[in-house]
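Below you will find one chain, with nothing else, as C-alpha coordinates; this is the form predicted on its own, and questions on how it binds or moves follow later.
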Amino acid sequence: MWDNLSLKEVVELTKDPFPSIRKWVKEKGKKVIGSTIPDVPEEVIHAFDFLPVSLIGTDKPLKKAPSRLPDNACSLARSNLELVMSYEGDLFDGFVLPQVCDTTQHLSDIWRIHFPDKYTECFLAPRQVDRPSARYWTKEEIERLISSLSNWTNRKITDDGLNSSIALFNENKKLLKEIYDFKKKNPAALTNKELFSLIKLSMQVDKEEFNKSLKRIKDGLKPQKGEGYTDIVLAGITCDPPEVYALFDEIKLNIVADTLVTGTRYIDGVVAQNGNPVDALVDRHMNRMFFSPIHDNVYRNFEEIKTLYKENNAKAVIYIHIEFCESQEYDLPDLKNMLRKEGIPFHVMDTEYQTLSLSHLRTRLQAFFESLKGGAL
(Lines give C-alpha, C1' and ligand atoms only; values in the text may rest on other atoms or scores of the structure.)
Protein backbone atom coordinates (compact mmCIF):
# COMPACT_ATOMS: atom_id res chain seq x y z
CA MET A 1 0.00 0.00 0.00
CA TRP A 2 2.75 2.47 0.97
CA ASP A 3 5.59 0.69 -0.81
CA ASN A 4 5.17 2.05 -4.33
CA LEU A 5 4.13 5.68 -3.99
CA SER A 6 5.04 8.55 -6.27
CA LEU A 7 5.75 12.03 -4.94
CA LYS A 8 2.34 13.16 -6.11
CA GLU A 9 0.67 10.31 -4.25
CA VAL A 10 2.65 11.10 -1.10
CA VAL A 11 1.43 14.71 -1.14
CA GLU A 12 -2.17 13.57 -1.58
CA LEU A 13 -1.91 10.99 1.20
CA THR A 14 -0.36 13.49 3.59
CA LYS A 15 -3.48 15.66 3.36
CA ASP A 16 -5.44 12.87 5.03
CA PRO A 17 -3.51 9.65 5.71
CA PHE A 18 -6.16 8.08 7.91
CA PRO A 19 -8.27 6.26 5.27
CA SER A 20 -5.13 4.47 4.08
CA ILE A 21 -4.11 3.73 7.69
CA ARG A 22 -7.54 2.21 8.33
CA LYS A 23 -7.23 0.04 5.24
CA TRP A 24 -3.72 -1.09 6.19
CA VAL A 25 -4.77 -1.91 9.77
CA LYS A 26 -7.70 -3.97 8.50
CA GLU A 27 -5.48 -5.91 6.11
CA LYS A 28 -2.66 -6.50 8.62
CA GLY A 29 -4.74 -6.95 11.77
CA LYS A 30 -2.49 -4.50 13.63
CA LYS A 31 -3.24 -2.12 16.47
CA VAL A 32 -2.48 1.59 16.33
CA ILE A 33 -0.89 3.70 19.07
CA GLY A 34 -1.05 7.44 18.53
CA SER A 35 1.30 9.95 20.09
CA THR A 36 1.42 13.69 20.10
CA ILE A 37 4.80 15.23 19.40
CA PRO A 38 7.60 15.42 20.45
CA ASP A 39 10.07 12.78 21.54
CA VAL A 40 7.96 9.72 22.32
CA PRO A 41 10.30 6.81 21.44
CA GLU A 42 8.21 5.37 18.61
CA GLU A 43 10.71 2.53 18.21
CA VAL A 44 9.46 1.13 21.54
CA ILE A 45 5.86 1.18 20.32
CA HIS A 46 6.87 -0.53 17.08
CA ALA A 47 8.83 -3.20 18.98
CA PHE A 48 5.53 -4.26 20.58
CA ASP A 49 4.20 -4.84 17.04
CA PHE A 50 1.98 -1.75 16.99
CA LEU A 51 1.80 0.92 14.32
CA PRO A 52 3.01 4.19 15.91
CA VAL A 53 1.21 7.18 14.39
CA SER A 54 2.25 10.75 15.18
CA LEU A 55 -0.68 13.11 15.67
CA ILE A 56 0.08 16.35 13.85
CA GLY A 57 -3.24 18.18 13.93
CA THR A 58 -6.07 18.57 11.45
CA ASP A 59 -7.43 21.38 9.31
CA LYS A 60 -11.00 20.13 9.81
CA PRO A 61 -13.46 22.27 11.79
CA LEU A 62 -13.18 22.39 15.57
CA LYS A 63 -16.44 21.13 17.09
CA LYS A 64 -15.65 19.55 20.46
CA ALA A 65 -12.16 20.71 21.43
CA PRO A 66 -13.19 24.35 22.14
CA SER A 67 -15.37 23.21 25.04
CA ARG A 68 -12.40 21.32 26.57
CA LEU A 69 -9.51 23.68 25.86
CA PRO A 70 -9.82 27.49 25.90
CA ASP A 71 -9.50 29.57 22.77
CA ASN A 72 -6.08 30.79 23.86
CA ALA A 73 -4.69 27.25 24.09
CA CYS A 74 -2.10 26.14 21.54
CA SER A 75 -3.57 25.63 18.08
CA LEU A 76 -1.73 22.31 17.68
CA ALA A 77 -3.05 20.95 21.01
CA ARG A 78 -6.64 21.92 20.21
CA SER A 79 -6.36 20.51 16.71
CA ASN A 80 -4.98 17.16 17.94
CA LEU A 81 -7.75 16.85 20.51
CA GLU A 82 -10.35 17.55 17.84
CA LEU A 83 -8.76 15.00 15.52
CA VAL A 84 -9.34 12.14 17.95
CA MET A 85 -12.61 13.36 19.49
CA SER A 86 -14.49 14.09 16.27
CA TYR A 87 -12.79 12.33 13.40
CA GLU A 88 -10.32 9.50 13.98
CA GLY A 89 -10.61 8.39 17.62
CA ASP A 90 -11.98 4.94 16.82
CA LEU A 91 -8.88 4.11 14.75
CA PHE A 92 -6.61 4.16 17.79
CA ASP A 93 -6.23 1.45 20.39
CA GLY A 94 -4.19 3.68 22.65
CA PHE A 95 -2.13 6.82 23.06
CA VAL A 96 1.23 7.87 24.48
CA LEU A 97 1.14 11.55 25.37
CA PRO A 98 4.27 13.57 26.16
CA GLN A 99 3.92 16.37 28.70
CA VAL A 100 6.26 19.13 27.59
CA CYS A 101 4.34 22.26 28.57
CA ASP A 102 1.35 23.34 30.66
CA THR A 103 -1.05 22.87 27.76
CA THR A 104 0.07 19.31 27.00
CA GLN A 105 -0.14 18.46 30.68
CA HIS A 106 -3.78 19.52 30.76
CA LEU A 107 -4.35 17.87 27.39
CA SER A 108 -3.20 14.46 28.63
CA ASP A 109 -5.63 14.67 31.57
CA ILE A 110 -8.49 15.57 29.24
CA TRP A 111 -7.48 12.72 26.95
CA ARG A 112 -7.67 10.16 29.77
CA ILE A 113 -11.12 11.35 30.81
CA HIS A 114 -12.59 11.10 27.32
CA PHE A 115 -10.98 7.79 26.34
CA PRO A 116 -11.31 5.63 29.47
CA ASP A 117 -11.60 2.44 27.39
CA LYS A 118 -8.28 2.94 25.59
CA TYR A 119 -4.68 2.52 26.66
CA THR A 120 -3.44 5.97 27.67
CA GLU A 121 0.05 6.64 29.00
CA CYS A 122 2.07 9.80 29.57
CA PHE A 123 5.70 10.27 28.65
CA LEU A 124 7.39 12.70 31.00
CA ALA A 125 10.70 13.60 29.39
CA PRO A 126 12.78 16.12 31.36
CA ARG A 127 12.51 19.65 30.05
CA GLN A 128 16.00 20.76 31.12
CA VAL A 129 18.40 18.15 29.80
CA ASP A 130 21.51 19.78 31.29
CA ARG A 131 20.54 18.77 34.84
CA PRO A 132 22.51 15.86 36.34
CA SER A 133 19.27 13.96 36.90
CA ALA A 134 18.03 14.32 33.30
CA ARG A 135 19.72 11.23 31.86
CA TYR A 136 18.56 9.06 34.76
CA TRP A 137 15.04 10.50 34.47
CA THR A 138 14.86 9.87 30.71
CA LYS A 139 15.99 6.26 31.08
CA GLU A 140 13.45 5.69 33.85
CA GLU A 141 10.68 7.08 31.64
CA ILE A 142 11.59 4.88 28.66
CA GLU A 143 11.75 1.81 30.90
CA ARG A 144 8.44 2.81 32.51
CA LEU A 145 6.84 3.07 29.07
CA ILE A 146 8.16 -0.39 28.16
CA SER A 147 6.80 -1.79 31.43
CA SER A 148 3.43 -0.11 30.90
CA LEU A 149 3.08 -1.52 27.39
CA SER A 150 4.18 -4.94 28.67
CA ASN A 151 1.47 -4.90 31.33
CA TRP A 152 -1.17 -3.81 28.83
CA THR A 153 -0.24 -6.40 26.21
CA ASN A 154 0.95 -9.15 28.56
CA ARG A 155 4.06 -9.33 26.36
CA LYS A 156 7.72 -8.53 26.75
CA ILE A 157 10.19 -7.20 24.23
CA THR A 158 13.86 -8.14 23.92
CA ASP A 159 16.88 -5.99 23.21
CA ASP A 160 17.13 -7.70 19.82
CA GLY A 161 13.52 -6.82 19.03
CA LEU A 162 14.01 -3.19 20.05
CA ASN A 163 17.26 -2.99 18.08
CA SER A 164 15.45 -4.33 15.04
CA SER A 165 12.86 -1.54 15.28
CA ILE A 166 15.63 1.02 15.80
CA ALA A 167 17.39 -0.19 12.64
CA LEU A 168 14.17 0.15 10.60
CA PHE A 169 13.50 3.67 11.86
CA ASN A 170 17.13 4.67 11.33
CA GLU A 171 16.91 3.54 7.71
CA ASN A 172 13.86 5.77 7.26
CA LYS A 173 15.64 8.81 8.66
CA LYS A 174 18.77 8.22 6.60
CA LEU A 175 16.71 8.00 3.41
CA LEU A 176 14.88 11.23 4.29
CA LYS A 177 18.19 12.98 4.96
CA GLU A 178 19.61 11.88 1.62
CA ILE A 179 16.55 13.28 -0.17
CA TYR A 180 16.73 16.52 1.85
CA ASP A 181 20.45 16.94 1.08
CA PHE A 182 19.76 16.40 -2.62
CA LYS A 183 17.00 19.03 -2.64
CA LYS A 184 19.23 21.63 -0.98
CA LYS A 185 21.49 21.55 -4.02
CA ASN A 186 18.72 20.93 -6.55
CA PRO A 187 15.74 23.07 -5.52
CA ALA A 188 13.85 22.42 -8.74
CA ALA A 189 14.12 18.61 -8.39
CA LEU A 190 11.26 18.46 -5.89
CA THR A 191 9.20 21.06 -4.09
CA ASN A 192 9.33 22.05 -0.42
CA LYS A 193 5.83 20.67 -0.09
CA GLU A 194 6.90 17.31 -1.53
CA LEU A 195 9.96 17.08 0.73
CA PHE A 196 8.12 17.84 3.95
CA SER A 197 5.21 15.61 2.91
CA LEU A 198 7.70 12.74 2.76
CA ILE A 199 8.83 13.51 6.31
CA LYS A 200 5.33 13.95 7.67
CA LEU A 201 3.97 10.77 6.10
CA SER A 202 6.98 8.86 7.45
CA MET A 203 5.78 9.77 10.94
CA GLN A 204 2.34 8.25 10.33
CA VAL A 205 2.63 5.08 8.24
CA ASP A 206 4.43 1.73 8.33
CA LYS A 207 8.11 2.41 7.73
CA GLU A 208 8.92 -1.04 6.40
CA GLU A 209 6.64 -0.37 3.45
CA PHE A 210 7.25 3.35 3.10
CA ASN A 211 11.04 2.98 3.04
CA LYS A 212 10.63 1.14 -0.28
CA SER A 213 8.88 4.20 -1.71
CA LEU A 214 11.56 6.48 -0.31
CA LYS A 215 14.30 4.42 -1.97
CA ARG A 216 12.48 4.50 -5.30
CA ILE A 217 11.82 8.25 -5.07
CA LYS A 218 15.44 8.96 -4.08
CA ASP A 219 16.82 6.89 -6.93
CA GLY A 220 14.51 8.62 -9.38
CA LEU A 221 15.56 12.18 -8.53
CA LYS A 222 17.42 14.05 -11.26
CA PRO A 223 19.74 17.04 -10.71
CA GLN A 224 17.74 20.18 -11.42
CA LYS A 225 19.01 23.39 -9.86
CA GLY A 226 16.65 25.82 -11.52
CA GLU A 227 16.99 29.59 -11.39
CA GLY A 228 15.81 32.39 -9.15
CA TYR A 229 15.60 30.43 -5.88
CA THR A 230 16.31 32.05 -2.52
CA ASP A 231 17.80 29.80 0.17
CA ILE A 232 16.16 30.12 3.58
CA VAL A 233 16.23 28.54 7.03
CA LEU A 234 12.86 27.53 8.45
CA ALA A 235 12.56 27.65 12.25
CA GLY A 236 9.81 26.65 14.66
CA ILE A 237 7.98 23.50 15.78
CA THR A 238 5.68 22.51 12.92
CA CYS A 239 4.62 24.17 9.69
CA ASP A 240 0.91 23.79 9.00
CA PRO A 241 -1.31 23.95 7.09
CA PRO A 242 0.78 22.28 4.34
CA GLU A 243 -0.22 25.02 1.91
CA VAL A 244 2.40 27.18 3.63
CA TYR A 245 5.01 25.04 1.87
CA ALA A 246 3.17 25.60 -1.41
CA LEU A 247 3.42 29.32 -0.72
CA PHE A 248 7.20 29.01 -0.35
CA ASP A 249 7.29 27.09 -3.63
CA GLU A 250 5.20 29.76 -5.31
CA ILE A 251 7.73 32.51 -4.59
CA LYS A 252 10.70 30.19 -5.17
CA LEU A 253 12.11 29.80 -1.68
CA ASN A 254 14.41 26.84 -1.13
CA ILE A 255 14.45 25.49 2.44
CA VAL A 256 18.09 24.48 3.02
CA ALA A 257 17.82 23.88 6.78
CA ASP A 258 15.19 23.82 9.50
CA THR A 259 14.59 23.19 13.20
CA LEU A 260 11.11 21.66 12.90
CA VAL A 261 9.89 18.68 14.89
CA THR A 262 8.35 17.58 11.58
CA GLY A 263 11.63 18.21 9.79
CA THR A 264 15.32 18.02 10.64
CA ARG A 265 14.77 17.45 14.36
CA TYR A 266 12.98 14.23 13.42
CA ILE A 267 15.43 13.22 10.70
CA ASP A 268 18.42 13.71 12.98
CA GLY A 269 16.93 11.33 15.54
CA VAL A 270 19.06 8.38 14.40
CA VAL A 271 19.80 6.01 17.30
CA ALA A 272 23.14 4.29 17.85
CA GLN A 273 22.90 0.56 17.15
CA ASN A 274 25.67 -0.69 19.39
CA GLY A 275 25.15 -1.54 23.01
CA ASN A 276 22.02 -1.29 25.13
CA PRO A 277 19.07 0.02 23.04
CA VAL A 278 17.46 1.88 25.94
CA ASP A 279 20.72 3.70 26.65
CA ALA A 280 20.92 4.55 22.95
CA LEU A 281 17.39 5.99 23.01
CA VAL A 282 18.40 8.07 26.03
CA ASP A 283 21.44 9.38 24.14
CA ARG A 284 19.20 10.36 21.24
CA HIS A 285 16.91 12.36 23.50
CA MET A 286 19.80 14.15 25.21
CA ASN A 287 21.47 15.13 21.93
CA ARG A 288 18.52 16.28 19.85
CA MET A 289 18.19 19.79 18.42
CA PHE A 290 16.62 22.59 20.40
CA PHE A 291 12.89 22.41 21.05
CA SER A 292 11.19 25.27 22.89
CA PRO A 293 9.96 23.37 25.99
CA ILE A 294 12.98 21.00 26.13
CA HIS A 295 16.42 22.60 26.27
CA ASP A 296 19.78 22.72 27.98
CA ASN A 297 20.54 26.36 27.25
CA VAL A 298 18.12 29.22 26.65
CA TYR A 299 20.49 30.64 24.03
CA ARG A 300 20.81 27.37 22.11
CA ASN A 301 17.89 28.17 19.81
CA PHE A 302 19.62 31.34 18.67
CA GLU A 303 23.01 29.64 18.28
CA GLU A 304 21.59 26.72 16.25
CA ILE A 305 19.61 28.97 13.92
CA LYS A 306 22.58 31.31 13.42
CA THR A 307 24.83 28.33 12.64
CA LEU A 308 22.33 26.88 10.14
CA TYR A 309 21.98 30.27 8.48
CA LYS A 310 25.73 30.77 8.08
CA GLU A 311 26.71 27.20 7.20
CA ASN A 312 24.09 27.01 4.45
CA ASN A 313 24.67 30.54 3.11
CA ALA A 314 20.97 31.27 3.56
CA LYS A 315 19.48 34.67 2.79
CA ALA A 316 16.88 34.79 5.56
CA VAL A 317 15.26 32.96 8.47
CA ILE A 318 11.51 32.37 8.49
CA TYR A 319 10.01 31.54 11.87
CA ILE A 320 6.73 29.60 11.93
CA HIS A 321 4.81 30.69 15.01
CA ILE A 322 1.89 28.46 16.03
CA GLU A 323 -0.89 30.63 17.35
CA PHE A 324 -1.03 30.66 21.17
CA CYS A 325 2.00 28.38 21.63
CA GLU A 326 3.23 29.64 24.99
CA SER A 327 6.72 28.17 24.61
CA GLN A 328 7.29 29.90 21.29
CA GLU A 329 5.91 33.14 22.65
CA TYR A 330 8.50 33.05 25.45
CA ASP A 331 11.31 32.42 22.95
CA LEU A 332 10.32 34.69 20.11
CA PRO A 333 11.08 38.23 21.42
CA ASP A 334 14.65 37.37 22.47
CA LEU A 335 15.29 35.29 19.36
CA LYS A 336 14.08 38.12 17.14
CA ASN A 337 16.33 40.66 18.87
CA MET A 338 19.43 38.45 18.85
CA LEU A 339 19.15 37.51 15.17
CA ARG A 340 18.56 41.09 14.10
CA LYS A 341 21.61 42.23 16.09
CA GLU A 342 23.56 39.71 14.01
CA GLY A 343 22.15 41.29 10.86
CA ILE A 344 20.21 38.16 9.94
CA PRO A 345 16.96 38.91 8.05
CA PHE A 346 14.12 37.43 10.10
CA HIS A 347 10.43 37.06 9.28
CA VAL A 348 7.68 35.66 11.52
CA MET A 349 4.69 33.81 10.05
CA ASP A 350 1.75 33.36 12.43
CA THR A 351 -0.10 30.15 11.59
CA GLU A 352 -3.17 28.35 12.85
CA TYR A 353 -4.25 24.83 11.99
CA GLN A 354 -7.69 25.83 10.80
CA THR A 355 -6.40 28.63 8.55
CA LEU A 356 -8.33 28.53 5.27
CA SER A 357 -6.82 31.52 3.50
CA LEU A 358 -3.13 32.29 3.17
CA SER A 359 -3.53 35.57 1.30
CA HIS A 360 -2.40 37.66 4.27
CA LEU A 361 0.67 35.43 4.75
CA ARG A 362 1.48 35.64 1.05
CA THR A 363 1.31 39.43 1.02
CA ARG A 364 3.57 39.85 4.05
CA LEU A 365 6.05 37.21 2.83
CA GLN A 366 6.30 38.76 -0.62
CA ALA A 367 6.82 42.20 0.91
CA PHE A 368 9.58 40.84 3.16
CA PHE A 369 11.54 39.34 0.27
CA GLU A 370 11.01 42.36 -1.93
CA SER A 371 12.51 44.47 0.87
CA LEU A 372 15.34 41.95 1.20
CA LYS A 373 16.18 42.22 -2.50
CA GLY A 374 16.01 45.98 -2.30
CA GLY A 375 18.40 46.08 0.61
CA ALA A 376 15.87 47.59 3.02
CA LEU A 377 16.36 44.85 5.65
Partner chain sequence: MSDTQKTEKPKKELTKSQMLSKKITEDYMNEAFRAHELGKLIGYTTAISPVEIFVAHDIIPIYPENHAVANLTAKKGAQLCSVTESLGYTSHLCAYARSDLGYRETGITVTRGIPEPDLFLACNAQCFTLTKWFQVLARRGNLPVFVFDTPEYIMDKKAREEIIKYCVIQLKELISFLEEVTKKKFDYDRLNEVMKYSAESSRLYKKFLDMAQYKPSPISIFDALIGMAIAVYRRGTPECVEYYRTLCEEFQEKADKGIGVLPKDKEKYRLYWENLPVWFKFSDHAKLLGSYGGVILTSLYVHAWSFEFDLDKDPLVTLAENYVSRFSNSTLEDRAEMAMDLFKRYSLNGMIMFMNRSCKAVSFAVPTLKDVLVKRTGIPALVFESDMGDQRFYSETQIRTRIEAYFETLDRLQAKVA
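Residue numbers count along the first chain shown, from 1. Just so we're clear, the structure is a prediction, and the values are computed from it rather than from any experiment.
Only in words, not in the display: the form predicted together with the partner chain, which the text now covers.
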Notebook entry, point to check: Is there any non-hydrogen atom of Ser327 lying within 4.5 Å of the partner chain in the predicted complex?
Noted result: yes
Notebook entry, point to check: Hey, in the predicted complex, does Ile344 get a heavy atom within 4.5 angstroms of the partner chain?
Noted result: no
Next item on the list: Mark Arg68 yes when one of its heavy atoms lies within 4.5 Å of a heavy atom of the partner chain in the predicted complex, and no otherwise.
Entry: yes
Checklist line | Contact test in the predicted complex: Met289 vs the partner chain, heavy atoms, 4.5 Å | finding: no
Check: Of the listed stretches (94 to 102, 255 to 263, 272 to 280, 180 to 188), which one has a non-hydrogen atom within 4.5 Å of the partner chain in the predicted complex?
Finding: 94 to 102
Item checked: Contact residue in the predicted complex, from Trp152, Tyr87, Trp137, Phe115 (heavy atom within 4.5 Å of the partner chain) -> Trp137
Next item on the list: Note which of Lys225, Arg131, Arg216, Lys156 lies within 4.5 Å of the partner chain in the predicted complex, where distance is taken over heavy atoms; exactly one does.
Entry: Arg131
Check: Does anything in 71 to 93 come within 4.5 Å of the partner chain in the predicted complex by heavy atoms, and if so which residues, in order?
Finding: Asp71, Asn72, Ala73
